[in-house]
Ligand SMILES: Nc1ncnc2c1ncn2[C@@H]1O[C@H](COP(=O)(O)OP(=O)(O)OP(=O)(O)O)[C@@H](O)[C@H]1O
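Have a look below at one chain only, the form predicted alone, in structure tokens format.
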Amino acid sequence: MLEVRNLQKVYDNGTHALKGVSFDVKQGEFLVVIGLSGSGKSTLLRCINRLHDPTSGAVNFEGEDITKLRGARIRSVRSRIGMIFQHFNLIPRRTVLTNVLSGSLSKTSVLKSILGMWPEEDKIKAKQYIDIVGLTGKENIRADNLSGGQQQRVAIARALMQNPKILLADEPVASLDPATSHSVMQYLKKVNEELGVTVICNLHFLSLVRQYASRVIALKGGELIYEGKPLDIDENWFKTIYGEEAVEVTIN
């Protein structure tokens, strides 16, 4: 489904964030990207969905290199790649239903969305996704009245409104407490297994990685240094990825 080839990203300030990263993602995988802060994880996801333009290399999505696309063609690609952010990025004063419906903006005029004139079929679909993430009954609650975990689940439902082939999750549980982290990860896994959506997720905690990932890649200093199964990351690999003085923190 996705082929990343020799991806390079150099920012205007000279920071070399990605240094020749290459890997494949198969349809239906739950791929987790790990590494220290600043290792290039967020840059990688933003290059995949073209929020950032790679300096060089290729990102082949469903057989097409999307690094050269512009205008309407890149917007079409983005509509098939959902994105979930660490800080939710919801509209605080709008209801859960409206926030979820905003995921279909690519096919709804701005004026109609402002006036709340959503197609009935979109409303039905939005309520189905709200049910999938366990928020039935909260459709008319304002987003800023929800807990952090609930807000992140709204963000998942919003991303699903795009009918994405791939769902990118950039540190989706970094702002949440341990119990809530598992709740959000369980819903991401549900989307992956029941809806067949391929997931690429950046995470810090190996305990979560081992429980939810089907495969892992690790970045260090912008380079890919590990690719394999979660349970194959032993103490030696942990030290290699995170440093000799690093201590693993477990989320139960």
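Source: prediction; values computed, not measured. Note that residue numbering begins at 1 and tracks the sequence as displayed.
Just so you know, the form predicted in complex with this ligand exists too; it's not on screen, but the next bit is about it.
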> Only one of 206-214, 30-38, 183-191, 59-67 gets a heavy atom within 4.5 Å of this ligand in the predicted complex; which is it?
Replying inline: 30-38
>> Since only the chain is shown here, I'm wondering whether residue 236 would be in contact with this ligand in the predicted complex (any heavy atom pair within 4.5 Å).
In response: no
>> Taking this ligand as it sits in the predicted complex, is residue 49 in contact with it (heavy atom to heavy atom, 4.5 Å or less)?
In response: no
> Hey, in the predicted complex, does residue 42 get a heavy atom within 4.5 angstroms of this ligand?
Replying inline: yes
>> At 4.5 Å, heavy atom to heavy atom, what parts of 10-33 sit next to this ligand in the predicted complex? List them in sequence order, or say none.
In response: 11, 13, 15, 17
